[in-house]
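Next up is one chain by itself, shown in structure tokens, the form predicted on its own.
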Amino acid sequence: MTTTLDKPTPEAPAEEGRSARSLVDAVFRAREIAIGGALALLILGTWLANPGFLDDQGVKDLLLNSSILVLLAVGQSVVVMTRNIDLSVGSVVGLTAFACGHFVSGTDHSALTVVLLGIGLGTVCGLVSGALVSFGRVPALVVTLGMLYIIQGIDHAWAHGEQINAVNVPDGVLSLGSGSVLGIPYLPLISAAVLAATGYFLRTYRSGRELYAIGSSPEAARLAGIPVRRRILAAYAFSGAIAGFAGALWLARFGTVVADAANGWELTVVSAVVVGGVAITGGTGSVWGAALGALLLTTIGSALVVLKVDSFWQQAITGVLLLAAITTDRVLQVRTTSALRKRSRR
């Protein structure tokens, strides 16, 4: 009598992989829902304390104030997903805003010209950082911190105390920052379009999903044939391009630009990304969560102003949220790993 043993079907590993992926997705979807709930409660509480917070001008200001931070959070999240970081985004915004303002001052250049110039300058900055991190294998923290100081030095040496005044900026450029469609300002619509396009790319395209694989385990991604260095370089180039784009929009939004525009924003951007659920250790999170984090931090700042609370508390609250987010990420990581191990044993 011959006894045969059932062999596991080829579909089993794939099913286990899909199950693991769905569990991780569910965990971080719940995280994003929680952030959205906290944002809604914050807006509701501030409105109850001061009904003027949600009048037409209040809503418009909230959207405009968050637009550039949302853009930067989208670019930063793509880098953080690869287990890296970009601390130079604030200085890139300042440099491109001043460069674009200097270029168009006293001319009739179009808004498109300004946007393309900003994206081009930002991409160059991102490529420099990305090349040093990916091909030079220099730690991202060291490279981007060095780039921050280099760009700030270039900006201040170039400006010599000069500032770009709104009266010298073409009306076509300023209209990009003040115009609207059906009452909705252009800037939040632009941010929403970039957010949706980036989210779709990361979710749908193979090269987008590979960024998550690199963040989860760079060595495993390399063994799987993923071009790790090129993907990291592309992530930094994208972050730089977004920062350059944000610099052009900064000029359009404010008109008047000084050399230290967006100074200190790099930590705010990183805080928004981490608070939004993108793990600082890479491999998990989404640009949607990062955008929610940016909205939450912006709304906290606006709410404190409306409630006449000292702006110092905004930094304190941001710090508490950042520590809470990192702690939550660690707890979720441990529990998710434990749950996946139990499933694999079954």
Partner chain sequence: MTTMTTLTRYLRWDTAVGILLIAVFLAGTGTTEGFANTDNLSAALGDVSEIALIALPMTLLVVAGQVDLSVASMLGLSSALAGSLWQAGFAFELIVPVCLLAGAVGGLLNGWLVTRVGLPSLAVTIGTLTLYRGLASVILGDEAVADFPETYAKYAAYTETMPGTFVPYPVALFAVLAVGTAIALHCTGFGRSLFAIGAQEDAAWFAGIRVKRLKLVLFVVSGLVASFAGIIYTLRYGSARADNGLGLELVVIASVLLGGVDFDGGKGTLGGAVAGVLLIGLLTNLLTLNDISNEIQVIVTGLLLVASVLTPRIIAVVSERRHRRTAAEESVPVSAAP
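Numbering follows the first chain given and starts at 1. Fair warning: this is a prediction, and the values are worked out from it, not measured in the lab.
The protein also exists as the form predicted in complex with its partner chain; that form is not presented, and the subsequent description refers to it.
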Specify the contacting stretch among 106 to 114, 242 to 250, 188 to 196, 150 to 158, defined as having any heavy atom within 4.5 Å of its partner chain in the predicted complex. 150 to 158
Any non-hydrogen atom of Gly45 within 4.5 angstroms of its partner chain in the predicted complex: no
Look up in the predicted complex whether Pro51 has a non-hydrogen atom within 4.5 angstroms of its partner chain, and give yes or no. no
Would you check, heavy atoms only and a 4.5 Å threshold, whether Gly319 touches its partner chain in the predicted complex? yes
Quick check on Leu141: any heavy atom within 4.5 Å of its partner chain in the predicted complex? yes
Which of Leu127, Leu267, Ala166, Val258 has a heavy atom within 4.5 Å of its partner chain in the predicted complex? Leu267
Considering its partner chain in the predicted complex, which of Leu121, Leu176, Leu132, Ala262 comes within 4.5 Å of it through any heavy atom? Leu132
